[in-house]
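Only one chain is included here, represented as structure tokens and corresponding to the form predicted on its own.
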Amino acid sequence: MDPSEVEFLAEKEMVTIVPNFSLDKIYLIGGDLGPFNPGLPVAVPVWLAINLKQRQKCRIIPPEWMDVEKLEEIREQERKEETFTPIPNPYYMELTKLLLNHASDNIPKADEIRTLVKDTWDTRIAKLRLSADSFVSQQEAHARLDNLTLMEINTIGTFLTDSLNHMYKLRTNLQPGKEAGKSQDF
């Protein structure tokens, strides 16, 4: 899966907006949205919130996890634990990027939030690389991927599958009884 496809999936997440226009309920394939009344919060998908924000039709309210204190807690917990800790949203990285790129004026302490999310991401990716290295070097048959997000799995997926394919080829070439230089590729 491509990172842009993961971002597309993240755009379906719901976020609260405060519209500055009136509109009756709209009926979409994914569900009904609205009604929209000026000053009254309403939940909409991120893709619609960004579209309305770009047209200056609303103010986006950041998700409750997008708060400096909560993100500092998450970052510190992630640094302390050896395993991956639960993340408040499966698309935390993508949503942060989208909301800060399109509505940073609606998000208090946007630069600090960007830094905290990036620190958490870097810590998790470093753990993921260490886990993958350990997995490959110990020739494990399976791995637990608890609390990883789709983007994190996507980041390491190609490397890990390529590594395992190369290891398989090397093992089949070194097994006794095989002719030198011949291996079976599936």
Partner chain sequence: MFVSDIRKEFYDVIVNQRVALLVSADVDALCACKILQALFHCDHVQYTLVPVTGWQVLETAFLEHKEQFRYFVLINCGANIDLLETLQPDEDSVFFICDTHRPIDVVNVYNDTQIKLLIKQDDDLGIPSYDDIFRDDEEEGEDGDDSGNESEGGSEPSGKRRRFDEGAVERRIERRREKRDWEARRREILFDYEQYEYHGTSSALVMFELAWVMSKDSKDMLWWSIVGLTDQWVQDKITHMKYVTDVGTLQRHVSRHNHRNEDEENSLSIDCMRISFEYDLHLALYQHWSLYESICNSCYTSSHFKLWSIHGQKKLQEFLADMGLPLKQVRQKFNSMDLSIKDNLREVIEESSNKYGMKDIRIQTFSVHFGFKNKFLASDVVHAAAALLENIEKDESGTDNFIKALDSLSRSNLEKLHHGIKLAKKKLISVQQTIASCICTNQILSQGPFLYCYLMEGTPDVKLFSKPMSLSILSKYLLKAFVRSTKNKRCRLLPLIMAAPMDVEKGTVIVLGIPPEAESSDKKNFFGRAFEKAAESTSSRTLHDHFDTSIIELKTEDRSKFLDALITLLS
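Residue numbers count along the first chain shown, from 1. Source: prediction; values computed, not measured.
Just so it is clear, the following notes concern the form predicted in complex with its partner chain, a form of the same protein that is not shown.
- Contact between residue 108 and its partner chain in the model of the complex is found at the 4.5 Å heavy atom cutoff.
- For the chain shown alone, residue 144 is not a contact residue for its partner chain in the model of the complex, no non-hydrogen atom being within 4.5 angstroms.
- Shown alone here, residue 57 lies within 4.5 Å of its partner chain in the model of the complex, counting heavy atoms only.
- Looking at residue 115, you'd find every heavy atom of it more than 4.5 angstroms from its partner chain in the model of the complex.
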